[in-house]
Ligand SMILES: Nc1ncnc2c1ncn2[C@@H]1O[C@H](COP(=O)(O)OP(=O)(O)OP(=O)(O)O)[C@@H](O)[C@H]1O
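Here's a solo chain for you in structure tokens, the form predicted alone.
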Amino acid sequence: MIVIENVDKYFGKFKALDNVSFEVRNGEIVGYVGLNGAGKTTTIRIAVGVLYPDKGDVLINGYSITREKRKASYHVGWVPELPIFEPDAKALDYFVYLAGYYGIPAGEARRMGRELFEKVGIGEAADKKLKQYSQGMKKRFALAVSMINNPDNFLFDEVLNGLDPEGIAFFRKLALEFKREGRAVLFSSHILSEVENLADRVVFIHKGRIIAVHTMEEIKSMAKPALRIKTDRVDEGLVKILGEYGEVRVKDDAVYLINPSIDSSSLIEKLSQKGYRVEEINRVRPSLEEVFFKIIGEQK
């Protein structure tokens, strides 16, 4: 279990985190979302003991990351956004070296490394130097390293960055496996569709402050139904007509009518009467992205 308690963090005079508190329970996947610079990475780096908080603490399985760092760190696996390893080292040799910090003998570490490399999909590259690894392969290597001590808790910072679709699918499968095993998983990501697919709860952070925490069921209930409409043209006249029947948003090449008070057939008839040709109309459920920007907008 990961418990973040009233954490503040300053960089000079800039307050990066302001009284941040939330928890990740055993057997739960929590998504951590916010705009760039909101404080996601800073929170995670404090939680794993890389940064020291100016106020507050983080408890990992009940151990304080500030007062009992060795014990707390032993129970957490971490994959940073940009893994940095010794580039001239062979991957398996470097894994064995890192395993030494956990008191694992070289022979056992080498066997474990080959098993984990196979599990994360880099088994054939075990003897390659890390400088030969792509960014996606480095992420997979970092995943293997995070599992060295078989921890109960995992923190993933933008782990999906640099992964191809196969890699994203692998991470999804791995995170769900950790959940079934009763581990706590916190992951930040700007790929909100993946957060939506994986998370049990979502923590929203904005300008260093936690602004909302919702279960996915609560988020789905917040997402109002909408009609996605494609017409032969989008102009002020169209927006004005649609505005009589709900909230209007123009996105890409379509117009969205949020929580419409009119059915599709009647709307097509209304638009046709005004000279608009409806090319496509369908009912959609707003995504986590829509809810996210609504919550962010309420802070302004």
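All residue numbers refer to positions in the sequence shown, first residue = 1. What you are looking at is a predicted structure, and each value in this text was computed from that prediction instead of being measured.
What comes next is about the form predicted in complex with this ligand, which does not appear here.
*Asks:* Only one of 246 to 254, 41 to 49, 265 to 273, 56 to 64 gets a heavy atom within 4.5 Å of this ligand in the predicted complex; which is it?
*Replies:* Checking each option against the 4.5 Å cut-off leaves 41 to 49.
*Asks:* What is the one choice in K71, H190, K179, R172 with a heavy atom within 4.5 Å of this ligand in the predicted complex?
*Replies:* If I apply the 4.5 Å criterion carefully, the residue I get is H190.
*Asks:* Since only the chain is shown here, I'm wondering whether D200 would be in contact with this ligand in the predicted complex (any heavy atom pair within 4.5 Å).
*Replies:* The answer is no: D200 has no heavy atom within 4.5 Å of this ligand.
*Asks:* Is it the case that G237, even though its partner is missing from this view, gets within 4.5 Å of this ligand in the predicted complex, heavy atoms only?
*Replies:* Flag for G237 set to no.
*Asks:* Taking this ligand as it sits in the predicted complex, is A16 near enough to touch it, meaning that at least one heavy atom pair lies within 4.5 angstroms?
*Replies:* Yes, A16 lies within 4.5 Å of this ligand in the predicted complex.
*Asks:* Is the gap between E158 and this ligand in the predicted complex 4.5 Å or less for some heavy atom pair?
*Replies:* Within the cut-off, so yes.
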